[in-house]
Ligand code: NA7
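What follows is one chain in structure tokens, specifically the form predicted alone.
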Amino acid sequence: MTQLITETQIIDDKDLDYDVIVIGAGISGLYQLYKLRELGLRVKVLEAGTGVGGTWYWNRYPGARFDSESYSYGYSFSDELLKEWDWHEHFASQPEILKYLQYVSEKFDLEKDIQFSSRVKSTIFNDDQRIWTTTLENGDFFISRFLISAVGILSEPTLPKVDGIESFKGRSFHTSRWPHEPIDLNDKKIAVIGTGASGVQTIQEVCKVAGNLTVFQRRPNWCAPLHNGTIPKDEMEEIRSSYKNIFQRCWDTVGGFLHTMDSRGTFEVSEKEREDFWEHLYQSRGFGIWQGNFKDMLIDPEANKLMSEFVANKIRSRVSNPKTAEKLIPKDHGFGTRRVPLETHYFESYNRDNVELIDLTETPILSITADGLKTTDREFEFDIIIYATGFNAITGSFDKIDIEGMNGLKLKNQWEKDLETFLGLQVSNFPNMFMVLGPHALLGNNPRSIEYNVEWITETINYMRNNSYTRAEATAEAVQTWADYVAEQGEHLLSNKVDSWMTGINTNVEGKNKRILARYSGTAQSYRKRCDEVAQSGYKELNLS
């Protein structure tokens, strides 16, 4: 760590601590480090945790696993890595995923440039010197030319806005902050609050061992069967020989998944063909029922209504108690308009004698108590409370850091006014700062988007170095053009007309009650085409100097 620089002059690269500071050692941060080292740059990755993994380091709750096929989710950049690694399940569990990322880190000797237990408190840009000063919570700071955020879109957990959370005498934790040591759940009285993706995965596992499990549902979600299975060695060899086609398939589909929309419309086929197709999708593995459905299912309200009723009837057929079944069927959004949790016997969990469902729309939680919690209807006693209450999505991880750009402007304040970026990769007034999967970047099968984002950022920095540029900032015009394009691409999607983390809504976070376009909703092809055009034009949309 250098002495704090005070002269008002552009600092020479040799006087910097690092060329690049990267925040986060998850899938994004690891690959970004790998690519920047290829350029011969001096890079330091700052990671709050004690090890690599990001999402898969923090989320250790029972049942945590991929919802994309394992072999479509791993890195594609190294043939050697693809030849060496065996996936054991079509949808790997958290321990296997973490082991994979640790293997990647060790194979490419990444940890030597990662500093763990290093939570970033603030990072400030000095325009005269063209440097970022990044300060940790312990007071250490680092000077760099570039700053790259790899903090993730779902990494800042939120708890419900109820009184008394600290008063509970038993054990309690958010799913994404699950303790590293083993937790004894056997025969315990357990509460799970929340039935989103992590809640679904947790509930279907905890119900098997709990003495009593009480599920507090804030709002039901449409779920579909995962149909996971183990991968025998001969099948893994077949997958390995198909990797080129697998990644090409992901490149060609609209969301980077192995599944893509059917070319037919819902009403272009007979009722029997429609039902047979949906039944096939329901019995098939993974996101096909969401990403491989009829082409109008996510844009036509009538088509979506029919699909929603099909899935509602599946829920009714799987849950023994008709009243419970109706509580588990969403009424405020259609199927696929929020990210669809994939499950394994989740609905059957409610047929067990030791499981009870409490609908919080009927009897809200008044407070957490020393012994459990209290609703408007009754009091409950628990040994353990599990908060599956989601994240301050997309911007939450940025908001936790005091990020200051030109003229003392805070990123949080700028985004409170208008959530705007350029390609989801840069922000005006914050030169030399890049983001992997920032707001308005392409989401979907995230590792496929991450690899593209990382490579674009790396090529941009390389272009700057080759042309002796020390400053890059998106122009206001470019940001506005991108904002207009994002709005245009999402105009017809039903998902942008419902409340979810994808539209910036989180009732647990102050100020996040207004629906916005928080993500890019177009195809992967249209996103990459636009980004490629920027690079091929010599980055004319950036102020380079």
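In this text, all values refer to a predicted model and were calculated from it rather than measured experimentally. Sequential numbering from 1, following the sequence displayed.
Keep in mind that the form predicted in complex with this ligand is not shown, yet the notes after this line are about it.
Contact with this ligand in the predicted complex, defined as a heavy atom within 4.5 Å, holds for exactly one of Lys323, Lys161, His345, Lys410, namely Lys161. Listed residues Arg338, His259, Arg145, His90 were compared with this ligand in the predicted complex; Arg338 is the one with a heavy atom within 4.5 Å.
Of the candidate stretches 471 to 479, 422 to 430, 182 to 190, 152 to 160, only 152 to 160 has residues with heavy atoms within 4.5 Å of this ligand in the predicted complex.
Interface residue remark: Ser198 is counted as part of the site for this ligand in the predicted complex, having a heavy atom within 4.5 Å. Among residues of the shown chain, Gly334 is not one whose heavy atoms approach this ligand to within 4.5 Å in the predicted complex. When contacts are judged by a 4.5 Å heavy atom cut-off, Tyr100 does not count as touching this ligand in the predicted complex.
In the predicted complex, this ligand sits beyond 4.5 Å of every heavy atom of Ser495. Applying a 4.5 Å heavy atom cutoff to this ligand in the predicted complex picks out Ala388, Thr389, Gly390, Phe391 from 377 to 400, in order along the sequence.
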